[in-house]
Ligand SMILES: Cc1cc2nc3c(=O)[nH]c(=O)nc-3n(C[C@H](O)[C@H](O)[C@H](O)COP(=O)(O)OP(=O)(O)OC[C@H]3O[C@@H](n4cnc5c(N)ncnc54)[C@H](O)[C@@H]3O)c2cc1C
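Just the one chain here, laid out as structure tokens, in the form predicted alone.
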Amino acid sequence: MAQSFDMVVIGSGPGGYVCAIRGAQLGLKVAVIEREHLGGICLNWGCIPTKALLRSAEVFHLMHRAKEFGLSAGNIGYDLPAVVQRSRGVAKQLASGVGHLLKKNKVTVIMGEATLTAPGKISVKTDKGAEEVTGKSIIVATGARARELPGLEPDGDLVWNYKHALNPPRMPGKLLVIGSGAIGIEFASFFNTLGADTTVVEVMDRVLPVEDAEISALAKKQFVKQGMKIMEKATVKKLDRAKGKVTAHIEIGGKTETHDFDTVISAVGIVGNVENLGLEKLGVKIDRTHVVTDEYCRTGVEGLFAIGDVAGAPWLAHKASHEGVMVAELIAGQHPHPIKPNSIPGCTYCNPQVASVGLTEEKAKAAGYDIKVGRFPFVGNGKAIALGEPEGLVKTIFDAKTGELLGAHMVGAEVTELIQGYVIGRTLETTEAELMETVFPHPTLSEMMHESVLSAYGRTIHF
């Protein structure tokens, strides 16, 4: 006999498990179906373990700078297996925490692979055989996986995807990273800091192509200063694999160059996990591996929703979580607001960090806004100087007519923590006047946020 629920969530990543918990809080009978790991890619193989690796690289980098701070440190080195072990331990701790949270909220967890057989009906392939589950509402939260391009397929030895890079079989000597989005540039930053001779190839005209062009340029300047080689408007056409060596054929400037590496990381985007779910049979529309939804994550099939990476860009854990909450509240009869894509922040944890929300300067102009742009450099901030982090910029973009904060973009130390101030500002529909009147504590990096707003209106104090 089939188990029946008010709400069934397929996938337990940051979209799925948050959706399930919110549904349970609202009194719904909820089940989660997970085929692999509670916590999904983010907790196990994405956001969390990469940040643990990058923290190790950051400490290693600071140890080499000890003399600047009046300190001494000798025989500085690292133990890559120990660095990886710490990262895996952090991921394991948080993944087990998800299991605890689901249990605490009385969410039923079914480990197995789900297939939608009819509206409201799911067949789950478990290690004990097939199990039938019914749900008045079903949420597809199956996430995404690394895109594989022909000829660049990972093999775990010479060519890695993000999973291989998180649990590397060795330290790369000469590394090629294909793609300079968040995933690619974070791995490039990690291995470069530990001493790999690192080259990044980006098909677009600049690294971090979704970021504001000025911020991308400043980040690139720092990457190059750290020893990275950056090849923009370049394409890896072919990889020739031999024992311990990969020869990359890279097309750049109308010519093809060949370069030898011992390791390649492919970070060329993601594809949604839409296969074998029975979605097409139910009439769900899929566009380039992603489920098409409306602003409330409805698929067009009664009672069927899709959230997170499987439902398309931006591919961010926090976007998935908020969609999960919104959908659970909708199912429970509440009236949540749809999520505004331009108010979802993006963070990249390379060195230096990059963070942004809203429109870039280029997009604001293209949208027809008359804009005011403010800038404040880290070198003008007392806390940044005291930290030994004088390289960076805070940039703000306002509608000249209304004072609306259209976008904010940052590069530098701890900007992934700072960006939330502007995110709250956008959510509360704050204008430049209110931001100017806000008292920022001193000495903090956050003062640069205030100064950048003042700068947009010709009122900068400290630069």
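The numbering used is simple: start at 1 and walk along the sequence shown. This is a predicted model, so every value here is computed, not measured.
Only in words, not in the display: the form predicted in complex with the ligand, which the text now covers.
**Student:** Assess the spot marked by G112, T142 and L316: is the ligand within 4.5 Å of a heavy atom from every one of these residues in the model of the complex?
**Tutor:** Looking in the model of the complex, the three residues G112, T142 and L316 all sit within 4.5 Å of the ligand (heavy atoms).
**Student:** Quick one: from A320, C297, L208, A188, grab the residue that has a heavy atom within 4.5 Å of the ligand in the model of the complex.
**Tutor:** Only one listed residue qualifies here, and that residue is A320.
**Student:** Work out which of V415, I397, L53, I41 lies within 4.5 Å of the ligand in the model of the complex, going by heavy atoms.
**Tutor:** Result of the distance check: I41.
**Student:** Name the stretch: of 65-73, 27-35, 397-405, 431-439, exactly one has residues whose heavy atoms fall within 4.5 Å of the ligand in the model of the complex.
**Tutor:** Checking each option against the 4.5 Å cut-off leaves 27-35.
**Student:** Does any part of I138 reach within 4.5 Å of the ligand in the model of the complex? Heavy atoms only, please.
**Tutor:** It does not: once the ligand is placed as it appears in the model of the complex, I138 has no heavy atom within 4.5 Å of it.
**Student:** Is there a heavy atom of V177 lying 4.5 Å or less from a heavy atom of the ligand in the model of the complex?
**Tutor:** Looking in the model of the complex, residue contacts with the ligand do not include V177, since no heavy atom lies within 4.5 Å.
**Student:** Hey, in the model of the complex, does C47 get a heavy atom within 4.5 angstroms of the ligand?
**Tutor:** So C47 counts as contacting the ligand.
**Student:** Even though the partner isn't displayed, in the model of the complex is G15 close enough to the ligand, meaning a heavy atom within 4.5 Å?
**Tutor:** Although the ligand is absent here, G15 would touch it in the model of the complex, with heavy atoms inside 4.5 Å.
**Student:** Within 4.5 Å of the ligand in the model of the complex, which residues of 228-267 have a heavy atom? Give them in sequence order, or say none.
**Tutor:** Nothing in the stretch sits within 4.5 Å of the partner.
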